[in-house]
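As C-alpha cells, one chain now follows by itself in the form predicted alone.
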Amino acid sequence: MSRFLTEATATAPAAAVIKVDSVLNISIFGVFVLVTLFIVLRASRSNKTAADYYTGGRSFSGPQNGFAISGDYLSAASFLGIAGAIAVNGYDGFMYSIGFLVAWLVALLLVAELMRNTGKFTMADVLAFRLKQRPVRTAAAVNTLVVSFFYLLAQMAGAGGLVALLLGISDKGQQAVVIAIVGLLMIIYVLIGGMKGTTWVQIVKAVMLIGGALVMTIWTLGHFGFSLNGLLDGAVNASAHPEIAATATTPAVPASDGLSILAPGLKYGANPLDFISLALALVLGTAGLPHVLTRFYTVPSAREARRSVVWSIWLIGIFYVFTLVLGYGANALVGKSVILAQPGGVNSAAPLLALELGGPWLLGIISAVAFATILAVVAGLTMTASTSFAHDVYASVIKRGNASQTDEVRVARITVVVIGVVAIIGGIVANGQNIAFLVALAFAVAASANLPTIIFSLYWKRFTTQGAVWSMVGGLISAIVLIVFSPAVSGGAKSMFPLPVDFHWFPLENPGIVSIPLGFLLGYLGSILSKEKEDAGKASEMTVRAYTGYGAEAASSH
C-alpha cells in the first residue's frame, strides 16, 4: 500500500478504517454548496410561469442540455457504485457500465425525440395524448413517484456512505443525520431554483465529474506506465496477493484466484439468470426513467433536442470508459479488503483511489465532485416527481385542467418537501447498500411499469386506455412485489434486512426477467380485450407530431 494507506493497515490483521482530514473535506463541501446555491438563486430570478419552473423556460441550447442530461444520467451509481462494483467484482461489475451505456442508446433511438415532440412537461403528456386523461395520468404519476423513490434511495444511500467516509463516521445514527442534511439541501435547491436552477447545477456537476474522472484516469494509468495491460495485471496481482502493493514494476504472479477479477462469473456465476435479469433492467430501464426523459422538454426545438443527444452520447460514453480504469485501479492500488472495511463499503472505492493517488486534497476534491453528483441527481429526481404530481394529478385529474399556474407551482413545491422527507427516511433504511445495485432496481421498475406503455403509445395505433392502465399498474405491482420478496431485501448476509430476517421466495435479486415481459403482455392483452374505440385522428396526429415535430413547438409555448 502507499504512504496514505500503509499506516492505516500495518498494525491490524484486517484492513482498518482510513483516517481522513474531516476539516479539509467539510471546507471543500462548504465551498461547493455555497457556489451552487448562488447559481440556483441567480437562476430562480427568471422563474415566473409554470413552464419556467418545470422546464426552465425551454431556454437551454443543445450543448448545454447535453451536459445537463449527462449530469442527470451519471448518478452516484455511475461514479461511486460502478467503480466499487468493478473494484470488488471485476468483469461482472463492469457490466453495469456496459448496461447503462447501451440503455442510453436504446432510450435515445426509440423514445427520446418522439416523446419530446409529443409532450409538454411530463411523460404522462405523451401517454395521455390519445387516451383517456384521468386514468392514464394517475397511473403515470404514481409510476413516476415510485421510480423516483427507488432512484432516490440509491442517491441518498450514496450520500450517507460518501460523507461517512469523508468525516470518518461509522455510527449509523450519525450517518442518518448526514443523509437528512443532504435531503434538506436538495429540498432547498429545488424549491428555490426549479428546473432552471437544477439544470445549471447539473451542468456544473457534469463538468466537475467528467473532468475529475479524467484526471484520476490519467493519474491511475500513469502508475502503470500508461498501459492498460499493466493496470489489469496489477489488479490480478492485488486480487491474488493483497499484501503486495501494485506498481508498474510489480512482477506478474500467475494465480487463478487473481485472474477471476478479469473473468465473468465472480458475482453472477452462481446464478446466470440473475445476470440476464439485471441486463434486461439496465438496457431497457433508461427509456422509462421520467427524470431523464423530462430533460428533453428544456430545449426550444427538436433540432436542439437532437444536438443534446449527440453531446450526451459522447460525454456519457467517455465517462463509462473511465470507470473501467477507476474500478480496476482501485482494486490494484487500494485493495478489495481496504475498500470493504470503510464506512461507505464498496461505494468508497473511487474516493479511496483519489486518496491513494493525490492524498487528502484530491480525496476532498473528488468527494466534493461525488457530493455534487448526488445533489444534482437528487434535485433532478425530486423536480420530476413533484412536476408529475402537480401537473398530472393535481392540475389534470383533481382540477380537471382548471388549476391556475400559480396553484400548480405551489402544489409542486409542497410535493418537493414531502418527497424530500420520504427520500431521507428511505435513504437511512438503505444506507450501506451498493448504490449501483439499488439503481438497477429502479431501472427494473421503470422498464416494467413505464417502458411498455411508452413504446405501445408511440408505435401501436390499437393501444387503448385499458392496455395502458393494465401495463402500468401490472408492471409496477409485479416489479415491487418481486423486489420485496427477493434476496435483495431479506435472506442474505448483504440484504437490506440481513439474516436472520428472511421472507424472500423469489430467487433473483432483480425482477426484470419476469416483470418487464409481463408489463408488455398486460399492455397487449388490455388493448385487444378492450371495447374502447380507436381514435384514428388522434393516433395519426400523434404519429405526425412525434416523427416531424410539427405542432410540437406551438404546444410547448402554451
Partner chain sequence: MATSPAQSEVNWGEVEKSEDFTTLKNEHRSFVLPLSAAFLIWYFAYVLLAAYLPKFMATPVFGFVNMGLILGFGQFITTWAITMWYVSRANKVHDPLAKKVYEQIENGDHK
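On a predicted model such as this, the values are computed, not experimentally measured, just so you know. Positions refer to the first chain, counted from 1.
Here the subject shifts to the form predicted together with its partner chain, a form of this protein not shown in this document.
Stretch-level contact analysis of 362-370, 106-114, 462-470, 399-407 against its partner chain in the model of the complex, using heavy atoms and a 4.5 Å limit, identifies 106-114. This chain is displayed alone, yet in the model of the complex one of W219, F149, F485, F275 has a heavy atom within 4.5 Å of its partner chain; that residue is F275. Note on the partner interface in the model of the complex: the residue among V177, V102, V417, V207 having a heavy atom within 4.5 angstroms of its partner chain is V102. Looking at Y91, you'd find a heavy atom of it within 4.5 angstroms of its partner chain in the model of the complex. For the chain shown alone, D125 is not a contact residue for its partner chain in the model of the complex, no non-hydrogen atom being within 4.5 angstroms.
Using a 4.5 angstroms threshold between heavy atoms, P264 counts as touching its partner chain in the model of the complex. Though the partner is left out of this view, R306 does reach within 4.5 Å of its partner chain in the model of the complex, counting heavy atoms only. The partner is not shown here, but in the model of the complex the stretch 290-329 reaches within 4.5 angstroms of its partner chain through a heavy atom at R303, R306, V310, I313, W314, G317, I318, Y320, V321, L324.
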